[in-house]
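In structure tokens, one chain follows: the form predicted alone.
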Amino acid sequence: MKKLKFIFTLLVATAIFASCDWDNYDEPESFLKGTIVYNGEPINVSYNDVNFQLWEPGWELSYPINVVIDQDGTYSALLFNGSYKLVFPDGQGPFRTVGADTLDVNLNGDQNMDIEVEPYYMIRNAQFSTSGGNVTATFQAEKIITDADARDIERVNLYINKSQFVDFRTNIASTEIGGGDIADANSISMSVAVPEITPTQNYVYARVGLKVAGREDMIFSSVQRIDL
């Protein structure tokens, strides 16, 4: 019996010391923050859909750190100080990378780093108005990439929602124009009826999105509040 008590005590002590060792591991200490931009202008995307990867060289079994881009184009990651390779996975985002496919990131303390990309299109001069229970958007679709990698517009969408998270998943109403039905990319107009909102509120949030052929992720205008 004494021997069993000794073994049990030893096991408990080992677990306690192991727990202390686990608690003493270093924690990430530095923030890498910034915005995905084109000529300094934020690239707006859908929430939780677009990401890039950070790889830390030197590990035999290396797994990427996935960093999600917010809908306004910003990102933030809490990391250990060190050197990383920044990579956008194939097909990520409504854009292509500029210059090298891989960026070197040397982190030693908090760092702000904007990432320059080249979108297929930019949404310009998005204006929203309301009349007769409808929200109307007018905007221009500027084609940025015109070389062999150029892509056609598959569709444009107008989304409205009760909250500031507005995209194809989070909306209370939407409307769509197919790319082939756009008569003039410099003058696009579309309207959507505002449904009954419960609980009642006298405003909605709106933005327009554009999808190019062969890319899953859309580019968006910034979110705007519309008073009804």
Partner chain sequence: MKNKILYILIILLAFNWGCNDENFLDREPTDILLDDQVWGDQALILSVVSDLYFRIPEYQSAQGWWNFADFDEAFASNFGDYWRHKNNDWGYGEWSLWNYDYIREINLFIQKAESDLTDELDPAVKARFIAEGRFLRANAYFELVKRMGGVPLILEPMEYDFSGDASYLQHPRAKEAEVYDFVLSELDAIKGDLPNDVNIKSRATQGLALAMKARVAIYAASIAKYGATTPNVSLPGGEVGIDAGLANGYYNQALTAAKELINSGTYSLYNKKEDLSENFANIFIDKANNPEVIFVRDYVQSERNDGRANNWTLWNQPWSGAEDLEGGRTNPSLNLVQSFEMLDNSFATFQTTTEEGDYIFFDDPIDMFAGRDARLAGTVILPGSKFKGKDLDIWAGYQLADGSIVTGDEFGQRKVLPGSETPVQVVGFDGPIDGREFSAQSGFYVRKHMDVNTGSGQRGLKSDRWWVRYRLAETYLIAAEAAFELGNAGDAAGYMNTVRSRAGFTTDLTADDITFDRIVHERRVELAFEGHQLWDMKRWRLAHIVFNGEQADLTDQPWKADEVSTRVFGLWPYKYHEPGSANDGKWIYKQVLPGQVTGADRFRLGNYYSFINDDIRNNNPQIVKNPNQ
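Numbering follows the first chain given and starts at 1. The structure presented is a predicted model; accordingly, all values stated were derived computationally and were not measured.
The discussion below concerns the form predicted in complex with its partner chain, not included here.
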property: Among the candidates Phe168, Phe31, Tyr203, Phe165, the residue which, in the model of the complex, approaches its partner chain to within 4.5 Å (heavy atoms); result: Phe168
property: Region of this chain that lies against its partner chain in the model of the complex, out of 48-56, 34-42, 180-188, 195-203 [heavy atom, 4.5 Å]; result: 48-56
property: Its partner chain contact in the model of the complex: Asp104, any heavy atom under 4.5 Å; result: no
property: Partner contact for Gly99 in the model of the complex: its partner chain, 4.5 angstroms, heavy atom; result: no
property: Partner contact for Pro89 in the model of the complex: its partner chain, 4.5 angstroms, heavy atom; result: yes
property: Sequence-ordered residues of 180-215 touching its partner chain in the model of the complex, heavy atom within 4.5 Å; result: Gly214, Arg215
